[in-house]
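Take a look at this single chain in structure tokens; it is the form predicted on its own.
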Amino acid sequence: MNSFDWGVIWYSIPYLLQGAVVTLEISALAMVFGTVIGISAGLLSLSDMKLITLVVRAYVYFVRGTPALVQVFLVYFALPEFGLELSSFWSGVVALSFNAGGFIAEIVRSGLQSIDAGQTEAAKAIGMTNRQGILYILLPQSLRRITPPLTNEVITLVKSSSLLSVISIVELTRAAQAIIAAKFTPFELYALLAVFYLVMISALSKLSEYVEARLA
């Protein structure tokens, strides 16, 4: 068995740090856009208009029923067919936003529906419309309930960003793969890659615990 090559570890750290920055940039952008999409879709899923709820349900069904990797390929190869040319970076952001939006929509919908029905009836009793009741009564009360699954979605999003290596985005995983191809040290690089992801996910987990504690 060959000895562990520490030299390649020290050589690789600066390159993986650059890849980690790209990973966090894409994940942050995708989480912002995905949250906007998800909250909007979650609210619309409770609309009185049947066509809108049907479209939202179809979107959520598609996101939950197909692999994220397939969604990445669809965005990367399909958008140019419709005349929308995006760089690999922004294709990755769009794909992850699309994916996260579907899961967040379901989180928001379930959070709103978990509030006691009496709250909705009380809102109607004082003359609020369905939309006003959702925005001003149900949504604020559901924030505590939806925060834990939302923070879990952030963590999942960071890990899912590794899929973007297949469309040549030099994020963390792609940076490691490039060094492996040059140095032929897969064990060392994948071990280091695991450490990088563990550090990032651990930091996000601590942050999510802090947010949940503050809301509690």
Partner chain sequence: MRASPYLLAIRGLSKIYSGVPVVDRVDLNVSSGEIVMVIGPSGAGKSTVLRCINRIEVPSEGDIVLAGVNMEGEPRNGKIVPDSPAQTARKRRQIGMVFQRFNLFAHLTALDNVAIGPHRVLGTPLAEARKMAAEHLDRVRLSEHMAKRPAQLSGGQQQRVAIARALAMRPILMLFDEPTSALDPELVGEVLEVIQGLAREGMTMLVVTHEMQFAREVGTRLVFMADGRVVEDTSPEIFFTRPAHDRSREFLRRVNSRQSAFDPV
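Because the structure is predicted, anything quoted here is derived from the model rather than measured. Positions refer to the first chain, counted from 1.
Not pictured, yet referred to below: the form predicted together with its partner chain.
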| item | value |
| --- | --- |
| Close approach of Ile146 to its partner chain in the predicted bound form, 4.5 Å, heavy atom | no |
| Partner proximity in the predicted bound form: Tyr136 to its partner chain, non-hydrogen atom cutoff 4.5 Å | yes |
| Touches its partner chain in the predicted bound form: Ser110 (any heavy atom, 4.5 Å) | no |
| is_contact(Ala122, its partner chain) in the predicted bound form, heavy atom dist at most 4.5 Å | yes |
| Contact segment among 89-97, 102-110, 128-136, 72-80, judged by heavy atoms lying within 4.5 Å of its partner chain in the predicted bound form | 128-136 |
| Contacts with its partner chain in the predicted bound form - residues in 22-55 whose heavy atoms fall within 4.5 Å | Asp48 |
